[in-house]
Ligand SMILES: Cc1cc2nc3c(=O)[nH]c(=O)nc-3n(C[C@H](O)[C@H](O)[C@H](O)COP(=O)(O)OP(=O)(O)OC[C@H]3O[C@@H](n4cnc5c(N)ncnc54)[C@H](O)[C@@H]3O)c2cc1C
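So this first bit is one chain, no partners, the form predicted alone, shown in structure tokens.
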């Protein structure tokens, strides 16, 4: 599978290495220049265009700085059987992701700037077909796992707008031609569900919309553009003695993407839905209009926008809540499984600012991690290791887990190893980079609650450690019943000769969320169950072997089917496969009334429904 995006400008954010915060790089400046383009013989090109008629194009103008560059044809060129291409997606070209095929097939010519217009003059006939061929190949958008792990497997084009005005232009052109479009941030989806399967889809990535401005500590807000990540904002605020509080998620996710997809931290006491911190949203809707919304929890428009699944349009600007910077402690205990299964789970979690549980089913143990605020004068400067591993850790894990696809004892050994490692603090001193060996540990909020990468390590996915996951949210009032049912499934599997363990470095993650009454999030309020006390999110990651087939593969599918069919639940919108999403739909686990209310808002924002995704289409949106 071809890696895409290699032609885009350098990434705006330097890699995080040994810092809890990294300064956003300056926005790149694109200056078009004259360049000679290599060509091929007309005879060879005609062979590749067998069946088409010979017509001529003398000049193709691409409007600047419109990223979609809707062509102006100086000489009309009817193409038999392909006339639609003259107005459709195949004649769009992005200056930020030029196709190598374009430069190899357009014949001898030059690109030059004339005022605000890029003019391409080529050998007659070759130019048009060069562009046609350049866009006849599918582009791929990968998840955070990288090449071979698509989140959008077949799209026509990937664009990188650098201003809100350019986003407006992209969407207007897509609307005019009824072309599917999708805005993407950090690509944190685990599966190929982010875009529609329609191969005409245009994706635009928001990473260059990264301005931060208007910090107002009296109002407790800051303005950010749609491509700003949590890391970028945390760094910017920390330098100004401010913080984003507890409405946060992992460092490599954009805040706009987290709002759109309903992302969350783990807390029953504090607001932990990222959308809960949004005070205003600017959205480019499906008509290419820039719509400004201010927070109104009585308005269906606001309730739809705060977990929109990207179906109302692209969030390009946010007014986000902030607070003075603060410090927290992190502590952890090991609990026997029965102490959790039969305990007061709500009470365990709700008394702390943020808390979660990691389950090790083969060992029948839990890690109980909890955090709360301390004095800003505390000397601690800890940095949590979120995803990074050393080469030795990666090679050891790969050896055990690949062997564990056929040998259960290797999975058991892997779980024991992971459990022992996770029992120690996964923290270093952020100044000296020395490991912290005992609990509790302290430091500024974001480096402790989320953290980043160690300077001598890489993210696990860059070390060829990849995963599947399943995440479903259940009312916290039935958390004990859900866990007991899952334990029953583990026991049944072991009785059949297939003992199951956790094959992920931190176990099975149980997170929790305070209720937030929007329309489509995991923590919204509906009538079929008591969601008012919040939810437990059962997040079951598992190692993805090189052949894609896990040990006792049917267990995972049966687990999902059992939980969805037997309990009221809701899916995480970026962490479930198509199979799981279809099961959720089949069992009616997303409230029909909320879907209708969302659709009414969508009809106003995107009447042509050009903003599409597999997630939305699965549920008729």
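Residue numbers count along the first chain shown, from 1. What you are looking at is a predicted structure, and each value in this text was computed from that prediction instead of being measured.
Here the subject shifts to the form predicted together with the named molecule, a form of this protein not shown in this document.
Contact annotation: the named molecule lies within 4.5 Å of heavy atoms from the stretch 252-260 in the predicted bound form, the single such stretch among 252-260, 168-176, 212-220, 475-483. Within 4.5 Å of any heavy atom of the named molecule in the predicted bound form lies no heavy atom of residue 535. In the predicted bound form, at least one heavy atom of residue 511 sits within 4.5 Å of the named molecule.
In the predicted bound form, the named molecule lies farther than 4.5 Å from every heavy atom of residue 576. In the predicted bound form, the named molecule stays beyond 4.5 Å of every heavy atom belonging to residue 540. Among the residues 461, 498, 439, 409, the one placing a heavy atom within 4.5 Å of the named molecule in the predicted bound form is 461.
The partner is absent here, but in the predicted bound form a heavy atom of 310, alone among 310, 180, 361, 245, sits within 4.5 Å of the named molecule. For the three residues 190, 315 and 387, a heavy atom within 4.5 Å of the named molecule turns up in the predicted bound form in every case.
Interface residues of 221-245, taken as those with a heavy atom within 4.5 Å of the named molecule in the predicted bound form (partner not displayed), are limited to 226.
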